[in-house]
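Below: one protein chain in two forms, given as structure tokens, structure 1 then structure 2.
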Structure 1
Amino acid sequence: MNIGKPIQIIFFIILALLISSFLLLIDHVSPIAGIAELISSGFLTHYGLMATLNDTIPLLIVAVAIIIPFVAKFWNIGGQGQYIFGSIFATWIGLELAGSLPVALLITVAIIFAFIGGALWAIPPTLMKIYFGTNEIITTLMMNFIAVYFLDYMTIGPMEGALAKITHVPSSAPIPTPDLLPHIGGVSTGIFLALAIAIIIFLLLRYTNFGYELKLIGSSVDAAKYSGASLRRDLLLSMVLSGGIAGIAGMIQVFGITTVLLPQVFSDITTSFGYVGIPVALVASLNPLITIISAFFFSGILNGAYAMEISFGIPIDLVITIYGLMMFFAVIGVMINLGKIFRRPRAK
């Protein structure tokens, strides 16, 4: 990542803050007080920092997962569905085996099942792309909708918990406390797994033949074919890894934060890690290590924005708007090359 890109990102984030300030003024909130609350509650207070770190974990894992096929310009927009199926598989195995296995072994098995669940959900759109040329943006996106409604069915049907039947609030039974991921200082130990995944995928893409072939496919399909790369194998493997890792994020969220399987709401940005992970990965220029910083930053901005809602009574829609502005302009800062965008075309 060259020096120009961080400067561009900072410039556009400041621009987003200026627009957010105008929106706060319309709602009769001091922009200085509002932005100070956003930064303080997202990054500087103990409670806010712990919440930010916990939100960073699934967001980081999903963003890193999305990077793998993105490198080959295979646009996996289905991270949300893969995340959901990973959480379903992990919760099911966790409830079935709770108390019958040592905690470390149960968590390991849950991670494996989460990987399988996410990977299985990633395979159909990949095969459709490979064999029929179907647009993967459409198919992976549509798979998200199926996953969301299937999760709704599971939380009010086969996996509905006893408490949910009484309260009529959809959820599974809770994972028993002894089988949950432990916390250190209020932060789920899943953070270590998230960091390990980011480092491993960075090394995989940077130093392996598989990573080289994915980059070659992304640069030129013809060059990749000429070099002997197997496009079908590489794309399928990249999506299996992507979906599986996104599934692990779902397991970490259940075993580390929520303790129960909850339905997803399309409009709830706090549970839409598969969607939010896309701009997080783009802001990091598809670099898994820089994604650590990107995920942490946007998790802090989200928590700070929600704190603004509580402190100043601003509408939730404005909170989400401010968060969206931050993401939108940060991505602009990475993707726009001002010299290329505004360069005058040569006369023919």
Structure 2
Amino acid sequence: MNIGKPIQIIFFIILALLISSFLLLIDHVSPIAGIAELISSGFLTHYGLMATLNDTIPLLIVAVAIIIPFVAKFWNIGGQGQYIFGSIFATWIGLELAGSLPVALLITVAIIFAFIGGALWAIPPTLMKIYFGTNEIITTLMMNFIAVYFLDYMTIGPMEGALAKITHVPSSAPIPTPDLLPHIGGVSTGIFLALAIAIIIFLLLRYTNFGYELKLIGSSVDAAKYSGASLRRDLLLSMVLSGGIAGIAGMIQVFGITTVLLPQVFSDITTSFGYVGIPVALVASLNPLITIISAFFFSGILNGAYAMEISFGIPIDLVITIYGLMMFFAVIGVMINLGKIFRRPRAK
């Protein structure tokens, strides 16, 4: 792995933070104090680090998920909808089977169902691309909005929990089995699953024929066709994997953190991990291992921004702008290639 890349990523993160810190002046907060609060609360305190690691889990999984079709330049912007559908399927099966299965088996079944839910939501836009040539950016995004309304319907309708009937905050019943995904030192064990997924997808993309073909499609569709790659099969498989893995993130969020299906978690700008996964993946230049670093930093910035909101009243929405700026600098940065500036030129 090129060591220059992670350094470059950290450079962009810092640059985006510096520029966004000037926005704090709108709220009459000193940029230095704000950034200091963000960094210390997001990365350095025990509680902050714990929260940061917990948010890294879904963020990393979703980001790795969308990397798979992104490598083939198939822009799956629908991570959010797939994440939501995974959570619906997992919660549903969790509520059906809780108590009747041992916890380990229940979790396995829930992971499978989450995968199916996410994959199902990823298939229609892919088929539309394959058979009608529709633009996937638009179709996958439309699927997100449909998923949000469907989740809303489920938690007000068929899956409405007893508490929701009283509070009128839509949510499902809690999954009754305790310790579904136990926490170690305050961090959900889902983190091991997340790391495993990142490593598996890294290996898949680098060392299998499938991964090679995806990259080929991404660089030139014609070249991929000549080399005998099956575009339809590769595209469909990449999207099934992508949607399914994004779905698993939804399952981990419900089983490990919220224990209920809560639409609010999926509509709040800051916890819309299905969307935030996009900049995480892009800033990491679509490398699943580097994504581990970028997911951690994005998550830390999010939790630091929560602290800034509490301490200084800085609206949390700022964090989305920071993500956007990071993407913006990263995409320009790829073109500049900082590595060339820092490395000694090599003779040809």
Partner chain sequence: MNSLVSILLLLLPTVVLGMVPRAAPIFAAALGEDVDQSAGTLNLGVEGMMLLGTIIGFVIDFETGDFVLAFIVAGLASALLALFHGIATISFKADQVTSGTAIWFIGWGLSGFIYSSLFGKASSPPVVKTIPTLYIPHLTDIPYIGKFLFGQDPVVYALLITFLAVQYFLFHTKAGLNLRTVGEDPLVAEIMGVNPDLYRYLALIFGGFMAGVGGAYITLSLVGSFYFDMTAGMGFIAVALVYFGKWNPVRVLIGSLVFGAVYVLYLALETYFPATPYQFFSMFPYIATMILIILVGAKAHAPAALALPYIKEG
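Quantities reported herein were computed from a predicted structural model and do not represent experimental measurements. For the two forms, the rigid core is made up of the largest set of C-alpha atoms that agree within 1.5 Å on superposition. FYI, numbering is relative to structure 1, first residue = 1.
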Self-check item: Which of the two shown structures is the form predicted alone
Solution: 1
Practice problem: Quote the shift of the Cα of residue 329 between structure 1 and structure 2 to one decimal place in Å, the two forms being superposed on the rigid core. | Solution: 4.0
Practice problem: Could you tell me how many Å the Cα atom of residue 20 shifts between structure 1 and structure 2 when the rigid core is held superposed? | Solution: 3.1
